[in-house]
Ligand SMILES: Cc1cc2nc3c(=O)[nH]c(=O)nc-3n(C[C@H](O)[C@H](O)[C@H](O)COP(=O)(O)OP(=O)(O)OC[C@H]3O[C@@H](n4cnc5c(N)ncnc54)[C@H](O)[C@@H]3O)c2cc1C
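Next up is one chain by itself, shown in structure tokens, the form predicted on its own.
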């Protein structure tokens, strides 16, 4: 297993949440070194791959060492989108992608009071909530007209906009950062917005999306289509190379998708492992996602972007929300906030049948557990 970071494989989702508040990098590890040694897995950390040769069945590292393979799996992930704005490279302008990024940000937070977050997606808002809990003063600048616009429905965007503002976060929608202003030592001290306003800051986090790492695959002659293109079993256009995770575009139903999700990466890896050990199955797992933002937990089952009709059920007393998404009257996604039971029921309902109709849910008064008992009945 080759990776360009130092150390053992670790979990990324906590970087923007619990790690910022608590530290403890050892808690991020998937497994300790003894596990890999006991299972015959060699870890080549801090060893970027420079090239891949499908015909020679080999990879060459940046140090010039060549290794041969029977089968290769590319899990190259994504990298942060770079913004073409002046001052972007100031030392106190950060991205959040690696443990090293998060550690540097955590160290800097100790001497920081005012923060600007560029981007109102999952990472930006998770970081914002964590920073607020640490007593900081964050301002979020989002170019779209609502938060998390690429990933969630309008009712969920409105819920989190209100929640963050109630918590004292300054959120600027429909605004962009034109420049990062720096002092005589090169450190950023403010951003200049498209409105002409300046927002002062000791630390700037850029969370403006990611792009898939496809360069190795492209140079190797593999098909690229919004990511490394794979078939329904995660096989690339080369018969001895598979690809999984955020870097991959894959067919699901009648669409080709690229998803940035822990669930998606893990389930695709299992699909490849089964194929390589003799159990060939098409990848058809239900996508699901989550985001912890302060006291609020967002969970999504299915793809809400495919919905043409939404039904929102909100309990203002408890601060809970469920949004049902329908495509041609058929349930295709469920978003929940602070309703983990509904989320688990939604995953079961959407996985158990593709025939849950709007009328079925209306008849049950949108009780997902009741609907699941109906579809699970033999």
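Bear in mind the structure is a predicted one, so any value in this text is a computation, not a measurement. Residue numbers count along the first chain shown, from 1.
The protein also exists as the form predicted together with the named molecule; that form is not presented, and the subsequent description refers to it.
Proximity to the named molecule in the predicted complex, defined as a heavy atom within 4.5 Å, holds among 94, 283, 289, 189 only for 289. Interface residue among 260, 296, 267, 202, judged by heavy atoms within 4.5 Å of the named molecule in the predicted complex: 260.
Contact with the named molecule in the predicted complex, defined as a heavy atom within 4.5 Å, is made by none of 157, 334 and 364.
By the criterion of a heavy atom within 4.5 Å, residue 47 is counted among the residues contacting the named molecule in the predicted complex. Using a 4.5 Å cutoff between non-hydrogen atoms, residue 368 does not count as a contact of the named molecule in the predicted complex. Shown alone here, residue 118 lies farther than 4.5 Å from the named molecule in the predicted complex, counting heavy atoms only. With a 4.5 Å cutoff on heavy atoms, residue 213 counts as touching the named molecule in the predicted complex. Looking at 232 to 240, 168 to 176, 71 to 79, 149 to 157, the stretch with residues near the named molecule in the predicted complex, meaning non-hydrogen atoms within 4.5 angstroms, turns out to be 71 to 79. Residues 123, 126 are the ones in 114 to 139 with at least one heavy atom within 4.5 Å of the named molecule in the predicted complex, listed in sequence order.
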